[in-house]
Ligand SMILES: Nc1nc2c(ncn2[C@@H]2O[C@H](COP(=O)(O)OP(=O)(O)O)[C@@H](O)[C@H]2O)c(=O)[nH]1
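Single chain ahead, by itself, as structure tokens, in the form predicted on its own.
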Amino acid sequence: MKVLIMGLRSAGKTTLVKHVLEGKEWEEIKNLNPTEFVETTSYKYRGLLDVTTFDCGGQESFILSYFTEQWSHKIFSNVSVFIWIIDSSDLRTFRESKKELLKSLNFIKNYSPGARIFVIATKYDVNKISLKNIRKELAGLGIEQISSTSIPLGIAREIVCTILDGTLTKELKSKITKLEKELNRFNKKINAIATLIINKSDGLELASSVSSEKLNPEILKYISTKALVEPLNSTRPIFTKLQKEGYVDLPDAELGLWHVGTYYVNLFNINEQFALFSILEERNFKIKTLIGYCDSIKNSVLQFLG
């Protein structure tokens, strides 16, 4: 699926892409260099959806090139999702941004008439133009949704993920439903508060089961656990200690455990692409039971994902 992302210079296009599709957090991406012309990258969003982003640099000379006969067909053809980025912190460039958006919409409608069209106002934590005014200015242009985001405030992933989730086919949605039924059974067996299958590359959940009113499943859906998944093979403080003291004898188990307050957080490798993430209350935690059920669900999950 081709996702075309455009906007003026320094609007936050690449930052948004890396935050959502690579699981990068604000401190890692707040000082990125400007994109040179068009950067094309392929992702496996949530481990399900093949997404190729066309991240177009916003410098004036680049934008002029996009509308030329040489490049317009390559950039605007076969687009499934078109996202125009507006820097809501810079009121001075809004008119220019609107002008270039109108040009882009003409090309989108010519080359990709079936594309879904979105506008995202970034940097809304320091906005100089309100979402209400942006919507008023862009009314009647056939834009499906106009939203505001802020990576520092943690409201960016939900907006972009909602757009991409809306492109999932019935077949992929059916696969998620089957996985969730399997996770519901697993969750009950280990008495967990929540269990998720995580896509390692972006840290986002593929499917989940939440058995406690303490957690809102919609919150988990838009949180990236990549910071936990990345050190899975090297950071296992509790599990390693249990091994050394003879409580478990599974040296090859792909398991990471963290003790946080009165809870245990468990990460278990499914394969190179996916991991299982569980949250258990301390009183329900039994290491051997957990490991046994993790091993048993691994084959079930791989069967659904195969």
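Bear in mind the structure is a predicted one, so any value in this text is a computation, not a measurement. Residue numbers run from 1 along the displayed sequence.
Beyond what is shown, the protein has a form predicted together with the ligand; the following relates to that form.
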Legend entry - Sole residue of 67, 263, 26, 37 within 4.5 Å of the ligand in the predicted complex, by heavy atom: 26
Legend entry - The single option of 139, 126, 102, 91 touching the ligand in the predicted complex, heavy atom within 4.5 Å: 126
Inset, instruction - Look at the stretches 117 to 125, 186 to 194, 93 to 101, 68 to 76 and give the one with heavy atoms within 4.5 Å of the ligand in the predicted complex. - result: 117 to 125
Inset, instruction - Answer for residue 176 alone: is it within 4.5 Å of the ligand in the predicted complex, judged on heavy atom distances? - result: no
Inset, instruction - Indicate whether the ligand has at least one heavy atom within 4.5 Å of a heavy atom of residue 9 in the predicted complex. - result: yes
Inset, instruction - Verify the contact flag for residue 217: yes if a non-hydrogen atom of it lies within 4.5 Å of a non-hydrogen atom of the ligand in the predicted complex, no if not. - result: no
Inset, instruction - May I ask you to state whether residue 83 is within 4.5 Å of the ligand in the predicted complex, using heavy atom distances? - result: no
Inset, instruction - Taking only heavy atoms into account, state which residues of 11 to 30 are within 4.5 Å of the ligand in the predicted complex, ordered by sequence. - result: 11, 12, 13, 14, 15, 26, 30
